[in-house]
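As a starting point, one isolated chain is supplied in structure tokens, in the form predicted on its own.
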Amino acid sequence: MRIGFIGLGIMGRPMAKNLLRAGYSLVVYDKTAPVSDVLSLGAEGAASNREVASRCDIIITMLPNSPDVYEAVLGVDGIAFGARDGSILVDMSSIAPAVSRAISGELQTRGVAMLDAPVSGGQPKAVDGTLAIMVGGDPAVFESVRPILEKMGSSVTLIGPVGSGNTAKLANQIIVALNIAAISEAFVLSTRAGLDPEVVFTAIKDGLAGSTVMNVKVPSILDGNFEPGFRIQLHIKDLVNAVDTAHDLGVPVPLTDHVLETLRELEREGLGAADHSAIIRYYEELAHTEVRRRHP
């Protein structure tokens, strides 16, 4: 089976490599990112999205945002114009649910099925192949590609029809963002009160306040390491999609609105490419307090 993979950025590159290591044949394309290291592992290159689709029965996309996916699928030399009847598009990007549904509708007229299958876990879990994958689409189509998805994720869940995967991802991103903001407030408070933040972390991480987010992000915060596992600018994109979707549904999301504005302020300060754990920098500046590991 030959799989197309479009989008070899910070997430797509390790995901594609995991498929190659699992023995799948890949045809890859990215209009900006280099692909040489993926080609060196045995992938074949292509010159366009259309060419990838024409050479594969299953096409995976991992792109930054809704307009990028729309262009890759329905734009000039897009996937839709190369895909054969019976092909499957698995869009693993995190985009607006309404856009997923619109693209799926266009593909259906061409005999192409679609799943939206966004992921959670950031670059470390993309590398390890332990992503959480949330899928929307037809159950039979889902079952046909499940073995492929399981090479990239340790949790693969069908949520509902197309668009459901991205709706679940928006819920995920709200929880992650608010969790980091809560961690930031709590650790700035305790540090300003004179406590050692590393000791506070040890004391609370296994209690009710503990979370995967805390366990992953606090050690990096203590080291002052804000190298991106998931960039602030990408979390802004996700929360904008979440707020827009919430407004369309008439659902109030005041906490999400607040954290979105915090992220935008950090982006204005030049931290858009930093990891989203840099949310703590906002609270550190307000309190004139840094939460860092204390060395003897």
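Not measured: the values here are computed from a predicted model. When you see a residue number, it is the position in the sequence shown, counting from 1.
Omitted from view is the form predicted in complex with another copy of the chain, to which the following refers.
Student: Can you check whether residue 103 is within 4.5 Å of another copy of the chain in the predicted complex, heavy atom basis?
Tutor: No - in the predicted complex, heavy atoms of residue 103 and another copy of the chain never come within 4.5 Å of each other.
Student: Just to confirm, residue 134 within 4.5 Å of another copy of the chain in the predicted complex by heavy atoms?
Tutor: So residue 134 counts as contacting another copy of the chain.
Student: I'd like to know whether residue 283 contacts another copy of the chain in the predicted complex, with contact meaning heavy atoms within 4.5 angstroms.
Tutor: So residue 283 counts as contacting another copy of the chain.
Student: Even though the partner isn't displayed, in the predicted complex is residue 147 close enough to another copy of the chain, meaning a heavy atom within 4.5 Å?
Tutor: Taking the distances in the predicted complex, the answer for residue 147 is no, it never comes within 4.5 Å of another copy of the chain.
Student: From the list 111, 139, 224, 207, which entry has a heavy atom within 4.5 Å of another copy of the chain in the predicted complex?
Tutor: Selected option: 207.
Student: Assess the spot marked by 3, 43 and 266: is another copy of the chain within 4.5 Å of a heavy atom from every one of these residues in the predicted complex?
Tutor: Not a single listed residue reaches another copy of the chain in the predicted complex, so no.
Student: Heavy atoms within 4.5 Å of another copy of the chain in the predicted complex: which stretch in 88-96, 103-111, 73-81, 180-188 meets that?
Tutor: Looking at the partner contacts, the answer comes out as 180-188.
Student: Scan 231-265 and write down, in order along the chain, each residue with a heavy atom lying within 4.5 Å of another copy of the chain in the predicted complex.
Tutor: Counting only heavy atoms within 4.5 Å of another copy of the chain in the predicted complex, the contacting residues of 231-265 are 242, 245, 246, 247, 248, 249, 250, 251, 252, 253, 254, 255, 256, 258.
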